[in-house]
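Shown below, as structure tokens, is a lone chain in the form predicted on its own; questions about how it binds or moves come after it.
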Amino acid sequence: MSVSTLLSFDELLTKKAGVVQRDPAQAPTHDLRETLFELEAKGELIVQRVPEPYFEVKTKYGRTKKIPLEHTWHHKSCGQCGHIPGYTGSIFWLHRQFGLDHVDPTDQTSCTGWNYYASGASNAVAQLAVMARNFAAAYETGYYPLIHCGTSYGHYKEAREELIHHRQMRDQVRRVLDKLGKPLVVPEEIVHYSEWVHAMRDRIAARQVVAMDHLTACVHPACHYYKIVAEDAIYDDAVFGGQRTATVTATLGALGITAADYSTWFDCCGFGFRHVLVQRDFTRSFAVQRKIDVMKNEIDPDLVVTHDTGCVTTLDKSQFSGKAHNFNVGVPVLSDAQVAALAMGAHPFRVVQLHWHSTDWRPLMAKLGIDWQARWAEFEADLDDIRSGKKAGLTWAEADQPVVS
């Protein structure tokens, strides 16, 4: 399939093929940080600055965005912790491998994205107050929020705009926070964990012990990352000519993996948030027929890589339905953090926890030269020790030791 065919959507937007020319003056909104600092000067809120050291990256319209290296407060994901624990585990494992200061908070709440996107059980002020309470909790620790979930990331970016542009909402949210004894705090940047992985990609590659240059992957860019407040996503003209967000794809490139293009790259994974609750069969059909089946027929990749909880869940756990109906499925789906951890030698079960994934990952392990049977025996021995009371659970010392097959 030709590049011009694949770029037809962008041609509609730009009236020409090639690299998209993004003029900062044409961004949908101005730099929100300017307004944030103005509101802070008026005493309306506190702006939490990105701590040093930080990376500087370019967003869609050329704005410089700051990504903190460490001193991060990890806003975890409901779906990752509940359905894909190796996703969260890999993010924390990477931080520990590099010895980076970070906090795994115990007082974080859900972002309530389920209400925000999928029900009428809440209201705007309640949503903003939940966001502000979490940001205040991070601020009180002195650590900067790093958002694990793409949905939380997109939700918070939209909610932040509401808070900034509507004084009445700020006043109502402030009254809620006053009752909690917490300040109204808004971070200078809303930062997604995959942006941190993107910024760290060369350091991760420098410590790579598992060769991956013989792999081909399809990237699913998460809608909640780059379609919501689109001007805040990271882009690079060196990645698909600037036609795609650079996150994930640039990380794979640093690890030697070929990121192959496919015709339905722009489509949702099928999760859609409301769809997955009220039209589960539609979600599964869309994931199989518009995404996985297309990837298999056009590219036949070794794996699919994405950077959001719902995307990994939907693309991985929907394939059983496609298999039942004889669609061309059977490709493992991992997050960029899991792939990075595997590249650095993370244990496939103690850390990456592949056994929580539904689609068969064994062919991928074989292609990577990882003796998954030996690693599984080690993991089962861990479980036996826990059942017998020999130990309470896995220690960091056990999980953090890289495994070189």
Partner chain sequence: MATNAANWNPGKITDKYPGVPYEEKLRLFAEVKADARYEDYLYGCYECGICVSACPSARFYDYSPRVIAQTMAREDVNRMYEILVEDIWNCAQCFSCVRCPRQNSPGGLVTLIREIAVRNGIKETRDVLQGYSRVIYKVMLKGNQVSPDMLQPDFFPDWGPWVRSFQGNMNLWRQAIPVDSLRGVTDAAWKTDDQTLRELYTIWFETGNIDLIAEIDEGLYELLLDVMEEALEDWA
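Residue numbers count along the first chain shown, from 1. Owing to the predicted nature of the structure, the values given are computational and were not obtained by experimental measurement.
Only in words, not in the display: the form predicted in complex with its partner chain, which the text now covers.
Annotated contact segment (heavy atom within 4.5 Å of its partner chain in the predicted complex): 88 to 96, selected among 213 to 221, 196 to 204, 246 to 254, 88 to 96. Taking the partner from elsewhere, Asn123 is found to have a heavy atom lying within 4.5 Å of its partner chain in the predicted complex. Under a 4.5 angstroms non-hydrogen atom cutoff, its partner chain in the predicted complex has His355 among its neighbouring residues. Looking at Phe273, you'd find a heavy atom of it within 4.5 angstroms of its partner chain in the predicted complex. Its partner chain in the predicted complex comes within 4.5 Å of no heavy atom belonging to Pro332. Contact with its partner chain in the predicted complex holds for none of Arg63, Tyr262 and Asn326, as no heavy atom of theirs lies within 4.5 Å. Proximity to its partner chain in the predicted complex, defined as a heavy atom within 4.5 Å, holds among Leu100, Val294, Ile228, Val209 only for Ile228. Residues of 125 to 164 that come within 4.5 Å of its partner chain in the predicted complex, judged by any heavy atom, are Val125, Ala126, Ala129, Val130, Arg133, Glu158, Glu162 in sequence order.
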